[in-house]
Every structure is written in structure tokens, then in C-alpha cells.
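Below, in C-alpha cells: the form predicted on its own, a single chain.
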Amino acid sequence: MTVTEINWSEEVVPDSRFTVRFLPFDATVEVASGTTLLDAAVEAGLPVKASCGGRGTCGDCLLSINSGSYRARPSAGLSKNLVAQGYALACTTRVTDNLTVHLPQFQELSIRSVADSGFFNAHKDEVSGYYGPASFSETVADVIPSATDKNIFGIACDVGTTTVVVQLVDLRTGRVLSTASGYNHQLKCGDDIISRIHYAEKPGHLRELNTLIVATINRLIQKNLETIHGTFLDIYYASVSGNTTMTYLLLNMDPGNIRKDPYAVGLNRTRLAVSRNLGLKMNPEAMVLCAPAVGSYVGGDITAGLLCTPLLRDAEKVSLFIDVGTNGELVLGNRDWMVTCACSAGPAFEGSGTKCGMPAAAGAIERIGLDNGSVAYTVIGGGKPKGLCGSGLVDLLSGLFLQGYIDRGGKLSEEKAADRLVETERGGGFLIEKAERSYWEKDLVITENDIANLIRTKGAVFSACSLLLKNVGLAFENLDAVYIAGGFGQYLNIENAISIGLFPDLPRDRFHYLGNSSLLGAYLVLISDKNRDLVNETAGRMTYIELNTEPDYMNEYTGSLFLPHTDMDLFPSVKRIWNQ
């Protein structure tokens, strides 16, 4: 590998073309000599961003070059130390050879997924189903080998819009043998569900999205098998839970009608497929079961996730189930009745949509506190911080608000934040950590635009909760329990979540963390046909409310776009702190 620093105006050899391979998406594009890597990434349709407009000052388009020669110019957005390690900025690097480059912001991360829920383990008698090892009944009996010495594996898979988690399970014992997680490679086609539905409408793009999610799952299956030195031929059953769009794309079904009136989805029962027809790296005859969806934006991740809660068993108490991810999905009710809806929360709490955001992986700040101008934080795995995951972003937003660094609309106070106020390509921001103390050797900053995104996200969730309750004639105080699911729910500080208006101001003992209920629900379906039947019954009992057709939703949402809300009386505990 050769690095040549040149005068940016120096001419390059004309009429030469080279290929650039981008990992981990494994996307290849052919470009003319002298093309910047940023332009090459754009041509390849990859989500490489440059807040500075390609001037080399923000450092957002950082990448590492694994092989090939290239020309680069020095940049204030990239330290000499990172250059020595093979990093470059896409906007200040020209192609002069065939290159293999890696996008570090999408590297294969060991994303912390909460498969084991403390609440679930402590309340098994209150929740549904049979939890022993699979009995090899009707779902997989025909493909299970008769030899008793054969390995008999299954996989539980949570297919999220941003991340995917796969567990390898011994079907004889029900024991989880290995867990692997990573980014959903469909991210190159859009951050959220709507953008992917739009992408799928173009000729050939549905197949591309299908290929990307299958490749993502296969890679994670392979990682699990390498852990135990196993073979894919021993995998006979897969249980998959995901939102409605992800399930459509895995099954190579056109998702176009999901966003169109009358919002019919056609997946209201579990869908069985054969692995060879899907291209999954399993025994060719293995069965693949997808959990049912009940609406355009309430999918199998919710119907399967409800298996982890007492909501399906309790006929007396009224409970609220909330799964906060790229979408916010909610279920209200008990054993006798359930209503559900979804809101477009955006990817902010999953690590996208903010300058400093990242998933809950090594290097992420998971907890952060402010104290009279000083910042203290905890990093997953220790070491220098790379960014903030969802729980850290909630902590930070709460601290900025309660200590007066931002007003109720999210605007930074120039007086209060003076010592940490910085200017970025995205506007003014609050300095979390200086470059010399951060992993990527650039300032770790949250901007006013980031804060606005977070406020919109929390506002979407809270307003959906409020509208769902009003539609059945209830108020927040009527809730006996709130079950919080999602990738960051297990590590969320409930006080901080309430102080920003994400969750209602209720007695704290009513809140229960579930972690990744989608994955745990997929596991429960995997090991028991009784749970498969129950997830179908659950889907059949749920009434779906489409917020797109609810005239009052926008009023509720607008009222939520302040901290914690325009009506401070809805948050008496926050009001007391604010008035001190």
C-alpha cells in the first residue's frame, strides 16, 4: 500500500479506470482515475457523509484503505496518527489504483444485544408458553435426521432496520451456543423503513434489498458456526422476527403497499418457508418461520416480543409495551384486549441520525452525566470513546436540559454552555470530549441539529402513547405497568427518559426493562410450537391503529416537541426540578 501526498491541483493520468471495493458492504464500483473516494462511495450508493461538503474539515467521511495505492492531501480533519494507521478521508483521497477500503463506522461490531431479560427470567410463571427444548413436532419433524449423534441446531434471528442479531441454539437442549450481531447491510439503501420501501420501487432494487439482508444473516450464521466449529448442514430450523418491511424484504415480497391505504400487510399469521428458497446458509431443507405482523409498522418483532411479558396472561391490569428502535411500536391492553400502533421515531436512538451516535457496541458512551461544566461518562468495554449509544444520548439530553445548557426547545445557551460551545459544519454544538481524548482523534460533539432530532424522536414516541390511550378512553395514570423493549432499553436511565418526555411521569416501579424482546421472542418460538401457536393467537387479538389516518396525531406530536412537553403539568416531577 502506497500513500502519496500531492498538490490537490496536480493532474492525474487521464483515461484510466479503477475498481473500488467498499467493505463491509462488499460494494464495487468502477471510476475514472482521480475520482475522490467520496464521489466513488456516492456512485456506489453508500451512506458516506461529509458535513463539511467535502472540504476535509469535519472528518465524517473517515475510512481505512486495506489495499492499493492512492493520492491524498493533508487535512485538518485527520490526525497524522490515523494517517499512519492507514486511515484517510474520502473527500481528500483520489483513486489511482484498484482499492479495497473499509468504512469503519459500519465495521462488524459486537453489538450488545440483550437476549436474557432479567425481568423475563424472574417472572417466567407470569408469562406465556413452554420453555423446554423443542420436541421436533410438526414444524421441523420432517427434516430432523434420525441419527441420534447428529447435531440439531436452530437459529433465532432478530432482523432490525439498523442491526441484525442471530443466535445459534441447540434444539435438543434449548441452550444458546453463540450469538453474533452486526449492521443490516441494507443501510446502504436508506436509514429507515420508508426510504427502503421507496428504494425497492426502482427496477431491480427489491432483489438487491433481499440479497443484502440474506447476506447479512448468512454472515452472522457463519460467525456463530465458527465459534463452535459447526457446519451449516446441522441447522434445521430458523425463527425470525422483524418489522413488517424487513420481513417482506427477507421473503423477497414487494413492500410497496405497506405505506399505502388501506395498509394491508397479508402476514397476520406465521409464514413458513424452506431455507433453500430464501438462500439462507442452513440445511437446504430447513424450515424458516417468520413471526406474524398485524399492521404496516407493527410486525413480528412486536408479536414475538409480547411473549416475554405478562401482558398476554393478565386480564386485570392494563399494561403498555413500548419498543423503541428506528420505529416506535406500542401495544396497550391485557389478555382480553390489545390495541397497537407505530410511530416513525427515526434512527437517532439506534446510533444513526446524530453526529456522535453509534450502536451499543465497544467504544460507545452508555452513561453520561454533567456536573457544573464537567462531563463524566462510562464507555462500553473501556478505553477512549467513539460516540454515544441510545442510553448515553438520553442521559446527555436530560443533563443538558435540567442543568440549563439548552432551553425547552433544544437551543443551546451561549452563556451557560460558553466553555463547551463549538461551531461545526452542522451548526453550533456542545463539546462532549476533546479530540485528544477520543478514539477517532476528533472532537466528540452533539449539535443543535442532533438535539432537534432527539426531541423529534422522543416526541413521536410519547405522542403515540398519548393518542393510543385516548383512543380507548384511558389516561397515563390508568397504566399498571410499562414494559420497555428495544436495543437500548436495558441500559436506559428511567429518570432521564422521563425528564426529556420520552416516557410518562409515572411511579418508577411500574417500569420494567425487557431488553431485546424481539430476539428473545424469536428464541421462544424456536424452541416451542406452543409459542408459535401463541404468537399467532396474539396477532389475531391485536387491533391495529394507523397513525397516518389519525387526525389528532399531529396535534399530539406538535405538543411533544418541547422538553419535556408543552404541558409541563404532565410531568410534575420534572416541573419540580425545573422550578428549583
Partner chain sequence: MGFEIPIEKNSGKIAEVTIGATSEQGGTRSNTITIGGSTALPFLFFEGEHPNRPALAMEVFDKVPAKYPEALLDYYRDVIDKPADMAKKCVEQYGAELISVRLDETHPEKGDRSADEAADVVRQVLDSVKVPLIITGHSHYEKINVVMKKVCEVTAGENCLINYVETDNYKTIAAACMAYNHSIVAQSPIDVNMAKQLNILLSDMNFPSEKIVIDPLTGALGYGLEYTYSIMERIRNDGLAGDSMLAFPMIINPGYESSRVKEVRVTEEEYPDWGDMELRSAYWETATAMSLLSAGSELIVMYHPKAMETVKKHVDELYSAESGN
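Positions refer to the first chain, counted from 1. Note that the coordinates shown come from a computational prediction; the quantities given were computed from them, not determined experimentally.
Missing here is the form predicted together with the partner chain; even so, the following discussion is about that form.
S413 is the sole member of T211, T378, S413, Q403 with a non-hydrogen atom lying within 4.5 angstroms of the partner chain in the predicted bound form.
Taking non-hydrogen atoms only, D407 approaches the partner chain to within 4.5 angstroms in the predicted bound form. Using a 4.5 angstroms limit between non-hydrogen atoms, P24 is distant from the partner chain in the predicted bound form. In the predicted bound form, T558 approaches the partner chain with a heavy atom inside 4.5 Å. Proximity of T566 to the partner chain in the predicted bound form falls within the 4.5 Å heavy atom cutoff. The partner is not drawn, yet in the predicted bound form one stretch among 61 to 69, 550 to 558, 25 to 33, 526 to 534 has residues with heavy atoms inside 4.5 Å of the partner chain: 550 to 558.
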